[in-house]
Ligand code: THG
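Form predicted alone, single chain, as structure tokens, below.
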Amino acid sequence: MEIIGERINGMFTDIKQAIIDGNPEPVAAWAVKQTQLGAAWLDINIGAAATDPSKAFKFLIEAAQGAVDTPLALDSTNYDLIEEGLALCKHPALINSCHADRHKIERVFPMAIKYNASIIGLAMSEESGIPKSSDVRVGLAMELVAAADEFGLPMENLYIDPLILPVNVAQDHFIEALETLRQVKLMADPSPKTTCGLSNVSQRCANRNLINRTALVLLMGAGLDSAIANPADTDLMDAAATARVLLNKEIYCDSYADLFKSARHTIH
């Protein structure tokens, strides 16, 4: 289970202020903390408030990379901005994200090949929006899998996101996401990887942490390989570690939870 650390995001007040002030310290601090807690990737998102998106994106990338060697997930709907970011990354990055629309596939997949990047592919399109049924989501995921084969993207570099919506407004969608994950894992050999924006499931809900970790375990059982999540949520990380043992993906030892959260990347 790869955790994509969600905290370097301009939607958070401290990161927004760091962008405004040009102060790398809060960014570096979150890069170090998330890495120490076991994040395999660090999501980089400027949010909506940056007056100069290119400058803000570069600032976040350089601040994070100045503190750790953890690979970055570049999170933006602006593909020109993502390409600028890819050129700055010290390690192959993760592009977050690409819809299953042909014009977006033709923009993103060649870019990923050029920079040896991975892609989060969303099981949605401009026409479908976020589908309710797993059948439609699976069909859109298949478009992304076919594109990987067409453009020569290694299947292990494609992460399919079945799309997770808040349980308080779309409760019946969650089970469809579970079935989508199961089907995605049967699409190719080797199969694509899978991911999701985990905290979406609990937006504006009570007991958010409980919902997040329960959802994570259910999703892992259906085939989830990674999640954009908060590694500082120790209960969540413990649940992920335990699920890996119960799913026979890790050998049991008494310190399995500590091993799962141990730092995997270099801190400068």
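For every residue, the number given is its place in the sequence shown, counted from 1. The model shown is predicted, which means the values in this text are computed figures rather than measured ones.
Below, we refer to the form predicted in complex with the named molecule, which is not included among the displayed structures.
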### Message
Can you tell me if S54 lies within 4.5 angstroms of the named molecule in the predicted complex, counting non-hydrogen atoms only?
### Response
no
### Query
With a 4.5 Å heavy atom cut-off, would you call V27 a contact of the named molecule in the predicted complex?
no
### Task
Could you confirm whether G85 comes within 4.5 Å of the named molecule in the predicted complex, counting heavy atoms only?
no
### Task
State yes or no: in the predicted complex, is some non-hydrogen atom of L246 no more than 4.5 angstroms from a non-hydrogen atom of the named molecule?
no
### Task
May I ask whether N96, I120 and S199 all come within 4.5 angstroms of the named molecule in the predicted complex, judged by heavy atoms?
yes
### Stretch in contact in the predicted complex with the named molecule, which is absent here, among 234 to 242, 59 to 67, 203 to 211, 27 to 35 (heavy atoms within 4.5 Å)
203 to 211
### Message
Under a 4.5 angstroms heavy atom criterion, identify the one residue in M11, L259, I20, C253 near the named molecule in the predicted complex.
### Response
M11
